[in-house]
Ligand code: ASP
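Single chain ahead, written as structure tokens, the form predicted on its own.
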Amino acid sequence: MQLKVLKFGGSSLADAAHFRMVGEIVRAESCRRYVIPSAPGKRFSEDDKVTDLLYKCFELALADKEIDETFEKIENRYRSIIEELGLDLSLEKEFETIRTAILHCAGRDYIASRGEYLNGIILANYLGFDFIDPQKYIFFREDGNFDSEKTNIILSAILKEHYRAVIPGFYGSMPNGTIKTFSRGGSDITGSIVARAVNADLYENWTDVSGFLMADPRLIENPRVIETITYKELRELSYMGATVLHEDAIFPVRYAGIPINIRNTNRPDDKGTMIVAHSTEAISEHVITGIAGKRGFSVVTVEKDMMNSEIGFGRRLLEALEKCEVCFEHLPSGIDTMSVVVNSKDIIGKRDFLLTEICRMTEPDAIDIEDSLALIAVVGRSMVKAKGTAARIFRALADASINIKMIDQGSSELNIIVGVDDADYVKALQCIYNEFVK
């Protein structure tokens, strides 16, 4: 029999009605044995996410301000879910413990993690599953990085003792036992960790969309759903801003060869998107798998005659960035020029220092920083075998009178990245999508 791990996002557990949907989904298949919940999300557009309310309580307490009104909103969210589900359950002791911790300025990660913790208790009670606190079985190292191997060994052992269980997402613990959270959206990562620990046949990630879309629906009208996507393609799209799945959630299941299925809690009959290690599907009729992009980049361009024959030039340029604690995104270059694309926010307050260090270490003939660059990644495994893909991208942009400021293609030929002026970003996305899909 198959074994499935399910993660439900905040929108899927926002209220009692959604808890009932989740219950129906879990009970529909006996192989759905391990469930990872997020904290309650928004019930409507003006609503608050519970995690945001917890962060607000933390900030209020730090400022020595009253938390009662905000904390009462949190309590009432959980009380209403329990009451409407008709559960014989009280969280009053947990509420008091959390309130006391906030007032005594407990750690930010501990307070933020309580949304998942409380939702996990309710969901376990509702499903009749065991409750497992990840604080005891998901570990981070002293430097704050996730300890994957220790976690996998210990979590695998404990899950063998629990045939069905709810494991809250988003957090684990440091070596001293204190709570440590993943970045926002980290419940996706917890689901992936659990899937690897139990050697699942499938990791189902339930959210509020029917799969991974070919483009951002806020910018492209009714983009198509991607039926099958590889880990590599997803990694490229997630890195460039596609947000259905936390980009770090790929790694635990990728190493174990476990596919991920993105599903819609509100439309459980939709097949969603399958994320796999390799796809045997025929080449897509659209050639590309998806398009994603980000705004807010800057380009540092360095010019120097005979740069190409100067040993160590590139290394020294990157050392200057390292000294300024700035990461680079891309390195387009010519014979006598080298450009470094960086996130604009990373050089705020560092521009003069960065330019000084680059000049000191490379002695360029000229150096310049240009802001307001947007990057667009066109991704697809079928692009490797399709002739003229780049030409179609460039022609679509040219026909829309959009100037290309940068071109970069990975050695795997899996993606082509173009840089355009920030003002042309949306128009560029739309014309590329229309070229390949419509």
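As the structure is a prediction and not an experimental result, all values here were calculated from the model. Numbering starts at 1 and runs along the sequence shown.
The protein also exists as the form predicted together with this ligand; that form is not presented, and the subsequent description refers to it.
Proximity to this ligand in the model of the complex, taken as a non-hydrogen atom within 4.5 angstroms, holds for one residue of Pro223, Gly185, Gly314, Pro364, which is Gly185. Taking non-hydrogen atoms only, Val378 never approaches this ligand to within 4.5 angstroms in the model of the complex. Among residues of the shown chain, Tyr203 is not one whose heavy atoms approach this ligand to within 4.5 Å in the model of the complex. Remark: of stretches 294 to 302, 154 to 162, 186 to 194, 119 to 127, the one touching this ligand in the model of the complex is 186 to 194 (heavy atom within 4.5 Å).
Although this ligand is not shown here, in the model of the complex the stretch 167 to 181 places heavy atoms of just one residue, Phe170, within 4.5 Å of it.
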